[in-house]
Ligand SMILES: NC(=O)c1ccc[n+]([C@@H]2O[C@H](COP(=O)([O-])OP(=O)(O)OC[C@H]3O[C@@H](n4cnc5c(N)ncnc54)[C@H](O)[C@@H]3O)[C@@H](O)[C@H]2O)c1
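The data below hold one chain only, encoded as structure tokens and taken in the form predicted alone.
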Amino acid sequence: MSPGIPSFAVVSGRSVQRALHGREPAVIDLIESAYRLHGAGSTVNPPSYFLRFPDQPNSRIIALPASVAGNVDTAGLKWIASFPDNVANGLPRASAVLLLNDRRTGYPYACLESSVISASRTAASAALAALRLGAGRAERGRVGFIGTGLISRYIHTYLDAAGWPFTRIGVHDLAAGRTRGFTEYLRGRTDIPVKAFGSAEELIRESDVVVFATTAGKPHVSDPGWFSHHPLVLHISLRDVSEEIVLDSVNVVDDVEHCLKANTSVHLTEQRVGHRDFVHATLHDVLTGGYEVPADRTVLFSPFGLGVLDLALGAFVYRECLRAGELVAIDGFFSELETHGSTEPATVG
């Protein structure tokens, strides 16, 4: 952004989808670059802030502020709501907006519909982790999804675009109708066999890669024996597995301080054992060669979801929409821009 009268634009979800359609490999590369910037200290990513509702204990709205230097050069805030009861009323569970701020003036310059941005960066992060954590290991062709919402759909899309060697896709959800729906969706988009599983145990035992993308608020899988074949576990929803499984696994997180909060499975494990020694590495460590994942243990990837990823992808979408002429400018959005003739810095006292 250049200095001058600040402008402000809105980017619709439809424009976001057009900007990202068919760009999955590029988005994965962009997310990897954001992780590298974060690991190199070129970001500011404060703790997420949770707005909770006493009369709706399973619902929340989360604020994720962040700033990214480098070629992203943007600050901002993701404001994302999770209301699981929406599903029963025919609405998606999650909704979100993303505000982008000029890092030189602080002025916000865009508001983007962000459910697709959030799902895309989550899926790209999962695909990147699968590629890096699964590299050089045993064949990972059987992928199983526990949870059948938007995130699972996007993760499948990104794994497929990344060239993942699917041999069979498994599906399980507590709601039988959602299991059937996701199974039919997948069968309409791939020739790979798709199998619906009646239990999480059966799916886990027959999968080389397990994707948890649920709305679970506390662990519901507790037997390490289900993982005796040492799968790669993409623990996207963060609260599905017990402390016993965490302690029996190699644990890779996106950011230690962020992930060991808010009663995630790894946070519960820290509270139980009183230390963090069970966390082996961050994804940045793996990307930069600082940690090599062993082949003979279950690998549990737990990404809290960093605001810097949303900013990196949001800035990319903004620039694509600007190039395509799809920004909706809000003329006169800012008022009181007159500084009464003085351009000298304000003083105190």
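Quick note: we count residues from 1 along the sequence shown, nothing fancier. Keep in mind the model is a prediction, meaning the values are calculated, not measured.
Keep in mind the form predicted together with this ligand is missing from the figure; the text below concerns it.
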Any chance all of I146, H172 and T215 sit within 4.5 Å of this ligand in the predicted bound form, going by non-hydrogen atoms?
yes
None of K195, R276, R93, R205 but one has a heavy atom within 4.5 Å of this ligand in the predicted bound form; the exception is R93
With this ligand left out of view, choose which of I236, V253, A127, L98 has a non-hydrogen atom within 4.5 angstroms of it in the predicted bound form.
I236
Option from 24 to 32, 279 to 287, 51 to 59, 302 to 310 whose residues, in the predicted bound form, bring a heavy atom within 4.5 Å of this ligand:
302 to 310
Give a yes/no on whether R178 approaches this ligand to within 4.5 Å in the predicted bound form, heavy atoms considered.
yes
May I ask you to state whether L247 is within 4.5 Å of this ligand in the predicted bound form, using heavy atom distances?
no
Please determine whether H156 contacts this ligand in the predicted bound form, using a 4.5 Å cut-off between heavy atoms.
no
If you check in the predicted bound form, is A162 within 4.5 Å of this ligand, heavy atoms only?
no
